[in-house]
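Taking the form predicted alone, here's one chain by itself in structure tokens.
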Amino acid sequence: MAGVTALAMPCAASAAGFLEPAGPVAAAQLSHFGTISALMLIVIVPMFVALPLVLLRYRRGGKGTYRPDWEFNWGLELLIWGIPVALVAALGTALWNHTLKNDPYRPLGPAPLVVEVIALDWKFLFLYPEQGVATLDLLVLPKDRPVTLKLTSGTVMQSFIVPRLAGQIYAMAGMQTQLNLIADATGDFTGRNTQYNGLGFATQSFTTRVVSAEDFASWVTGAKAQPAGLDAAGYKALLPPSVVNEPVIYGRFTPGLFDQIIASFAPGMAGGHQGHEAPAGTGTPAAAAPAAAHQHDAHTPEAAQ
């Protein structure tokens, strides 16, 4: 019990960003950033070198030849147009290769840990379907195990990111997106929403806690012992905009809740993605009507009070 309490307490999450990757996906993104930066220096460095030289040479009284009838020079034209064309081709090739290699939907290994993520105002709800537990504003992951995040939104579109582990991916109501990642270092990493969604946007962050496989198993055992549970009524209570000061752990949640949330916005999408099927006959849950209403009025100043 002490273990789950310690893991649930919000620690001072590391402020380091993508420049200190803690997983192969983030490391690949940092490498791609370095490639782009190096290619752009091909333009930036000559420009800053040439500018003062041109100003010095062609100033009044300088050594530059005055040619008022000058019109065309093949060498200069090739330089002006050739370098940008080659640079665009190199940037495009690098981006193409990086995009194919690091597709966020591409699984990173067998038997991934599946976590269902629901973006709310101004918090994130995490469901662990295999473990049967849920958390609010706390994402606990085992080190060195592939993770598949399935994302949707219970409100407006949001952008999910844990900079030290992977890039951003959008979460949209009535739809499912996906992000695969692996953490190869333990610790607390900051995750947040980067898509403006109202008055509490600046405070919408969460802790991603990476622990060893043994500690993760212990955390799951402790989480299951928590008395709080999450059902349709509990989810409805989370819909009003609010800021979570401390993470919340639910010892159980209603199976198929993730699909039901998607169906509350787009009934035809519930069975149209690789998620956990909602129980037969559930249809749109009790949370559906509040979710639809919340989509329209939650971002007014009155709703935030």
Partner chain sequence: MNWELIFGQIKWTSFVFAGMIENPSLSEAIASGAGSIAVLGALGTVVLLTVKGWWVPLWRDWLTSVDHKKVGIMYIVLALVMFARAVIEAALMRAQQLAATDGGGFLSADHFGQLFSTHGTIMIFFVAMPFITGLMNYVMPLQIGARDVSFPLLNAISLMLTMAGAVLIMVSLVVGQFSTGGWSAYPPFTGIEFSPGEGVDYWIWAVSLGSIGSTLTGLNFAVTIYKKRCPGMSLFRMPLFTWTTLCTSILMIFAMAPLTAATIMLALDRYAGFHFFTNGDGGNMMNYANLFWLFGHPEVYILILPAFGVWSEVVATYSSKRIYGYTSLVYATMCIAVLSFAVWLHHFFTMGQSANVNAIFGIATMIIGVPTGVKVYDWLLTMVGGRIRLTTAMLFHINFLLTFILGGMTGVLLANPGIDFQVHNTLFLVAHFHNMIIPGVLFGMFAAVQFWFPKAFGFRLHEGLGRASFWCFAPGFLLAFFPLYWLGMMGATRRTFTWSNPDYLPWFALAMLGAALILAGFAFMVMQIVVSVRRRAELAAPLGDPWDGRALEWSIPSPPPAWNFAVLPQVTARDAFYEAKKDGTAYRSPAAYEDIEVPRNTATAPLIGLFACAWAFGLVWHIWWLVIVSFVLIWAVVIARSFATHTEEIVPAATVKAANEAFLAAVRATPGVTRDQEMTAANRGRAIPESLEASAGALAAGAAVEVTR
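Computed from a predicted model, the values in this text were never measured in an experiment. Residue numbers count along the first chain shown, from 1.
Just so it is clear, the following notes concern the form predicted in complex with its partner chain, a form of the same protein that is not shown.
Colleague: May I ask you to choose, among 211, 136, 114, 175, the residue with a heavy atom within 4.5 Å of its partner chain in the predicted complex?
Modeller: By the 4.5 Å criterion, the partner-contacting residue is 175.
Colleague: Just one of 107, 132, 229, 92 has a heavy atom within 4.5 angstroms of its partner chain in the predicted complex, so which one?
Modeller: It is 92.
Colleague: With its partner chain left out here, work out from 215 to 223, 161 to 169, 136 to 144, 123 to 131 which stretch has heavy atoms within 4.5 Å of it in the predicted complex.
Modeller: Selected stretch: 161 to 169.
Colleague: Are any of the heavy atoms in residue 148 no more than 4.5 Å from a heavy atom of its partner chain in the predicted complex?
Modeller: Flag for residue 148 set to no.
Colleague: Taking heavy atoms and a 4.5 Å cut-off, does residue 46 contact its partner chain in the predicted complex?
Modeller: Answer yes; at least one heavy atom of residue 46 falls within 4.5 Å of its partner chain in the predicted complex.
Colleague: My question is simply whether residue 26 lines the interface with its partner chain in the predicted complex - judged by any non-hydrogen atom within 4.5 Å.
Modeller: Answer yes; at least one heavy atom of residue 26 falls within 4.5 Å of its partner chain in the predicted complex.
Colleague: Is residue 252 close enough to touch its partner chain in the predicted complex, meaning at least one heavy atom pair within 4.5 Å?
Modeller: Looking in the predicted complex, residue contacts with its partner chain do not include residue 252, since no heavy atom lies within 4.5 Å.
Colleague: Decide yes or no: are 188, 233 and 243 jointly within 4.5 Å of its partner chain in the predicted complex, with each residue judged by its heavy atoms?
Modeller: No residue of the spot touches its partner chain in the predicted complex.
Colleague: Which residues from 79 to 93 come close to its partner chain in the predicted complex, meaning a heavy atom within 4.5 Å?
Modeller: The stretch touches the partner through 80, 81, 84, 85, 88, 91, 92.
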